[in-house]
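Below you'll find only one chain, the form predicted on its own, shown as structure tokens.
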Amino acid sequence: MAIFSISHSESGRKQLSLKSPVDLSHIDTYDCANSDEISAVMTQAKIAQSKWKQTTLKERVELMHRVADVVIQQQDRIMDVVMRETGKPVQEAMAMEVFSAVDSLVFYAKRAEKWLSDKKIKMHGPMRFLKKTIITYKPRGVVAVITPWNGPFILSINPVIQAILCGNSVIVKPSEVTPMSGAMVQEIFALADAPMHLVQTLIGDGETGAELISQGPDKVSFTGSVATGKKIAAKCGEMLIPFSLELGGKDAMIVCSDADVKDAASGAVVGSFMNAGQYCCGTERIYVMSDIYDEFVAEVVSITKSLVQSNDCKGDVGPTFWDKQIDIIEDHVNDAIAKGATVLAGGKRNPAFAGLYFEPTVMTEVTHEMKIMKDETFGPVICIMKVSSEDEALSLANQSHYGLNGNVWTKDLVKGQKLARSIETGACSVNDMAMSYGVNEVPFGGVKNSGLGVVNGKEGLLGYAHAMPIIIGKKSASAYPYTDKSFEQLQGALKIFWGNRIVRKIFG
């Protein structure tokens, strides 16, 4: 039974009908934005941005503090909306959606003025005597933020924060599976007295997102599947629209012989089951040294069997948010079983609940011939593979067309860092689950099929601005006509500034 369905009203209006993944009960029916409405929203966004770009950084920072205050005030409502659409445990609704949102708001508000203020650049060579240069960060314009269903509020508000601080306006197109969780961002900014139409939301399906891009935003920030990401990249390339893509993952975990087994097992469980395994940096492949394999597996199974799966948002593991996803999880598990994998815990839909619940699952005897070790599963499944050496683990970890995150477990931190550097991935943690998205100081992005560009950190923030150099001088540095004298002067400058290695160090 589909969580969402598209139909048409008697007037021909496309409508989105949504059901709860908890018990499949009807949540609501929403009108999808049509082409005229999307065009009107884009026009409003352009008008709002033309005024917003004239604000000072102090004014933008002040808005972020007001938004943070509102998120704190409205935390129960935000969690209620998210849990209504996803069924995720209240602990995760707080940690992932509310706490992380306030953390990002405060983090970027504190650093925006430093990172986005004009920068004086010291020029090299002879030009240092003739010119001075500044880099000013100009807003791009209207930013389209297209977001997924697994972290529907945080993955919507986080790019909005960065785009708004850079002087842009934003149009958010949330997933059709979690439309109101994404739409909460517009409401939160309105409650914080943001200018009219600075942040707007469009409700709809994939066609809505495609039409939004066709309207010509000045940047697209997309988080979602590889297949959709490739379509967006092609369209943005055709229209020469800057974009960032944060796509899927198949994160590897390497457990060395000297690892703290209990700590590593705990990390494997939370890394695989958090958000019911539905996050892009979920641990999906675990490679364990043979001498600690049995102990590690036993500890993982023990922890897994202690977890509570419930339909009241109070347990440890909630439902799968989308029926399409639980079908993929089930297909991957069944394919692995058919090819020789062993199930030590879970392995099927939970018959105790009417909704989309897949039991927390532990599998061993897995191989790279199985879908579950090659394709993104995005569910509460732990797959453990025995290896004979760290080199073998590293080789297997890199046998993936994904590269978003990973983790290494060892008491030797020098070795851990060396292994982390060798994994072909966007980021890696040593002795912890994948953490990089939650560390606002660093850029977050993938390699291979896991994405293009970065979000978060200074680099991610500056991606919502155009870095414009302005080169200033009282007089032109060169002029026509060319003469023998001007040529000799050029040769002389070459010799003076670059002909001696000591001088190169000074003026280079």
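All residue numbers are counted from 1 along the displayed sequence. These figures come from a predicted structure and were not determined experimentally.
Same protein, other form: the form predicted in complex with a small molecule, not shown, and the subject of what follows.
Although the partner is absent from this view, S257 stays clear of the small molecule in the predicted bound form, with no non-hydrogen atom inside 4.5 angstroms. Put simply, G403 is far from the small molecule in the predicted bound form: not one heavy atom of it is within 4.5 Å.
The closest non-hydrogen atom of D251 lies beyond 4.5 Å of the small molecule in the predicted bound form.
Although the partner is absent from this view, S156 stays clear of the small molecule in the predicted bound form, with no non-hydrogen atom inside 4.5 angstroms.
Comment: 240-248 is the region of 288-296, 240-248, 384-392, 350-358 lying near the small molecule in the predicted bound form, near meaning a non-hydrogen atom within 4.5 Å. Within 4.5 Å of the small molecule in the predicted bound form, a heavy atom is found for every one of W149, G224 and K231. Residue G209 is the only one of G271, G209, P89, G379 with a heavy atom lying within 4.5 Å of the small molecule in the predicted bound form. Comment: the small molecule is not present in this chain, but in the predicted bound form one of F189, F321, W409, Y437 has a heavy atom within 4.5 Å of it, namely Y437.
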